[in-house]
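The data below hold one chain only, encoded as structure tokens and taken in the form predicted on its own.
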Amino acid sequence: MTFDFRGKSALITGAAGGIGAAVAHLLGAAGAAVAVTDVALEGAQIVAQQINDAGGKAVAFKLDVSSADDVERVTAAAEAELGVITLGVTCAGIIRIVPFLELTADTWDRTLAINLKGTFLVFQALARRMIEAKQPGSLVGLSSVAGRGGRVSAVDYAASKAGVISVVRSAALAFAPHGITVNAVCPGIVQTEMTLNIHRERAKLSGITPEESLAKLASSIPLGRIETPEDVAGAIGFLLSPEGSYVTGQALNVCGGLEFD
């Protein structure tokens, strides 16, 4: 599918790498003006420069999605630079592989602050501005197949991603009267640095190599390959596009058949 986002402005969180960067590149190549945001400013600046070098328009901002003040500051700055933001994707997220009984309250709080609270804050800030401007738009939250079931060594991550699906459903109902669609995507095993770190940690717990850990999980994918960030970005692009304008409140699995619920 060829997307056309000319005349649109977008804000992507967690866009210094992985899925967030892939989404930023897709939107930039399709004509959107993109606010590339991440707590890692240097990485965000690199992605924004790559989009600009390719003939698009992008600006980078440092953003801590767990801070309401920071979210408000950055969304205001992005709007001042790019116009009303009508496309938003929340890709900022963290995961730590820790057995259930060893998970600390501080780790729990940090994971939910970024993965879940951050999604809520960004949705709220962007939707308020769209509604004030009487502009329809689309929001997508990055969930995970982990949000569909239990994870004994990532209970906080699974809970946060299940929470993202719930927030998406509530936001879809709240914003539908204003012409704003809200959806989630649930990736499976994606070729990112985060995935590599997960399997480094799992390998320590299971006594195998990170490569063996990743291969074991990859073998369970019906389509027979690990997905790329671009696979996920394509699904997000559809949900943001006019072709996806009648889809709202949904959580789309993008996992090669790994999950069906």
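Keep in mind that this is a model prediction, so the values were computed, not measured. Heads up: residue numbers just count along the shown sequence, starting at 1.
Another form, the form predicted together with a small molecule, is not on view; read the next lines as being about it.
**Student:** Counting only non-hydrogen atoms and a 4.5 angstroms cut-off, does residue 88 reach the small molecule in the predicted complex?
**Tutor:** Result no; residue 88 lies far from the small molecule in the predicted complex.
**Student:** Decide whether residue 231 counts as a contact residue for the small molecule in the predicted complex under a heavy atom distance cut-off of 4.5 Å.
**Tutor:** So residue 231 does not count as contacting the small molecule.
**Student:** Verify the contact flag for residue 193: yes if a non-hydrogen atom of it lies within 4.5 Å of a non-hydrogen atom of the small molecule in the predicted complex, no if not.
**Tutor:** The answer is yes: residue 193 has a heavy atom within 4.5 Å of the small molecule.
**Student:** Mark residue 188 yes when one of its heavy atoms lies within 4.5 Å of a heavy atom of the small molecule in the predicted complex, and no otherwise.
**Tutor:** Flag for residue 188 set to yes.
**Student:** Using a 4.5 Å heavy atom cut-off, which of 76-84, 171-179, 124-132, 109-117 contacts the small molecule in the predicted complex?
**Tutor:** Single hit among the candidates: 109-117.
**Student:** Counting any non-hydrogen atom inside 4.5 Å, which residue from 33, 60, 39, 30 sits next to the small molecule in the predicted complex?
**Tutor:** So the residue touching the small molecule in the predicted complex, by this definition, is 39.
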